[in-house]
Structures are given as C-alpha cells and as structure tokens.
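What follows is a single chain, given as structure tokens, in the form predicted on its own.
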Amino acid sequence: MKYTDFISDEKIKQIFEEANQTLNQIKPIELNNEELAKRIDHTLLKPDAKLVDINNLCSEAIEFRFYSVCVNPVYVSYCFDILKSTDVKVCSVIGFPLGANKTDIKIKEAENAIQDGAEELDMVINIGKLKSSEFEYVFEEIKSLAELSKKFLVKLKVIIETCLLTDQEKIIASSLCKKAGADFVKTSTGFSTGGANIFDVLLMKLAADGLEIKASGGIKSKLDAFRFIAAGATRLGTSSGVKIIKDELANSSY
C-alpha cells in the first residue's frame, strides 16, 4: 500500500501551499474562561506523579470545569470514581509515549481503559512504521482502535508526534487518521523532541479534512491557547490549564 492510496501528491502540494499562505494570517481568537476551559484536557502524565497530584488534578478540573483530565491508564478508574458525578470526562493514553507496542497490546490497553471509565483515548501511532512507509500497518492499527472506540461510544485521538515527522509525513499521517475513522488528530505526546506549533496544526486541519484537532506540548499561556484555536485546534492538551485560565492578557499581546 502506498501513501497515494490515501492522498495524492497534488493534494499534498496544495495543502502545503495553503498552510503557508494562511500562517501569517492567523489572529488569536479570544474566548471567555468558561469557553476556553471546555477546550482543555487537563493533563498529568509524568511518570513520578503521586496520588496526591492526581487528586489535585481532578479537583482543579472540577473547579475550573475543564473538558477532561488526561492521565496514565493506572489512574483511570481512580479519576472516574472522583469525577463520575461531574461533567469532567476521563481521557487516557494508549501506546504512550513511543507508539511502538504491537497493535494487540494497544487494543488491550484501550479495552482496559474503557472498562475503567475512560471516555476518550489518545493513541500514539507506530511512528517507525509510518517513517518506513508501512502505511497499511499504520492504517489498520488506527482502524482497529477506531472501531473499538466507536463500539463503546468513546472518542479516539491519534497522536502523530509531529516533531519526528517531515511535513509530507504529517499530511500523510493526518489523512490516514481520517480514512481510518479516528475522531481527532493530535500533534504531540509532549515527551519527544518538541511539541505543538501553529504550522503543524494548519497542515493537520487541511489533511484530516473534518476531523477535530488536538494541539498539545508546550501550550503554557492564554495567548498560546487562542493562537492554536485560531489555527484550527478544537482541543488543547496541557498541564498548564490553571495557569492559562488565570492568565491575564496584556493589551500589547494583540
């Protein structure tokens, strides 16, 4: 299977040119704090996170009314018990952070997370397979997770780890996500060599053609958040959610 089975070279060129033309036209979209909080996955994925930190994460999510908490699989059921009577959802990660698990392991992780109460799953693609042009493998893996997610009415976000991809690979990966039935394309794990940037979000939005976009990795201010939303991000993954909501924008920011 070739990448041209999913997207043509002409379309890739068109997306790249349109993203370049749009980049300098991005103007921050200002939202009120309630609207902004509903775009945020309040995230704690550090390996040394303690139970008290997870408790604080959930308390902050309730207080600021974030869309979800995003935690490692071991904490899903714990967070679900705390949050089940609130509007805050539980999100967990699959194949995190490298994406190098076999597909059946990722499926089992997803099944366990759903059973524990996760309503959204953020899965890392097999980056090495994509870069080796094994597009059928990547497509079938995403499709398997997408079908499982839909069966249980769970949303699937697919992390393509943009910092490790060429621009062409970002476009191909996003188009694979679209055709495989994912709900979101997500920029980054936050654990690799870089995080989200505006140009990548533009490429992903154009290539994924109707899927939602989650920007994550290095989003630390309200102005950052507004810029990514203006570029097309419908969700933001950040461990700085409280800081972002409390952030006061200076007039000079615009």
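The shown structure was predicted, so the numbers you read here are calculated from the model rather than taken from an experiment. Quick note: we count residues from 1 along the sequence shown, nothing fancier.
Unshown form predicted in complex with another copy of the chain; subsequent notes refer to it.
So which stretch, 59-67, 26-34, 44-52, 198-206, is the one near another copy of the chain in the model of the complex (non-hydrogen atoms, 4.5 Å)?
Only one stretch passes the 4.5 Å heavy-atom test: 44-52.
Which residue among 96, 80, 135, 184 has a heavy atom within 4.5 angstroms of another copy of the chain in the model of the complex?
Checked against the cut-off, the match is 96.
At 4.5 angstroms, heavy atoms only, are 101, 108 and 112 all close to another copy of the chain in the model of the complex?
Yes, the whole trio is in contact, each within 4.5 Å by some heavy atom.
Check residue 148 for me: does it contact another copy of the chain in the model of the complex (non-hydrogen atoms, 4.5 angstroms)?
Answer no; every heavy atom of residue 148 is more than 4.5 Å from another copy of the chain in the model of the complex.
Answer yes if any heavy atom of residue 168 is within 4.5 Å of a heavy atom of another copy of the chain in the model of the complex; otherwise answer no.
Residue-level check for residue 168: no, no contact with another copy of the chain.
Find out whether any non-hydrogen atom of residue 129 is located within 4.5 angstroms of another copy of the chain in the model of the complex, and reply yes or no.
Close contact exists here: in the model of the complex, residue 129 approaches another copy of the chain to within 4.5 Å, heavy atoms only.
How about residue 88: is it within 4.5 Å of another copy of the chain in the model of the complex, going by heavy atoms?
The answer is no: residue 88 has no heavy atom within 4.5 Å of another copy of the chain.
Which residues, if any, of 178-192 lie within 4.5 Å of another copy of the chain in the model of the complex when only heavy atoms count?
Only 191 sits within 4.5 Å of the partner.
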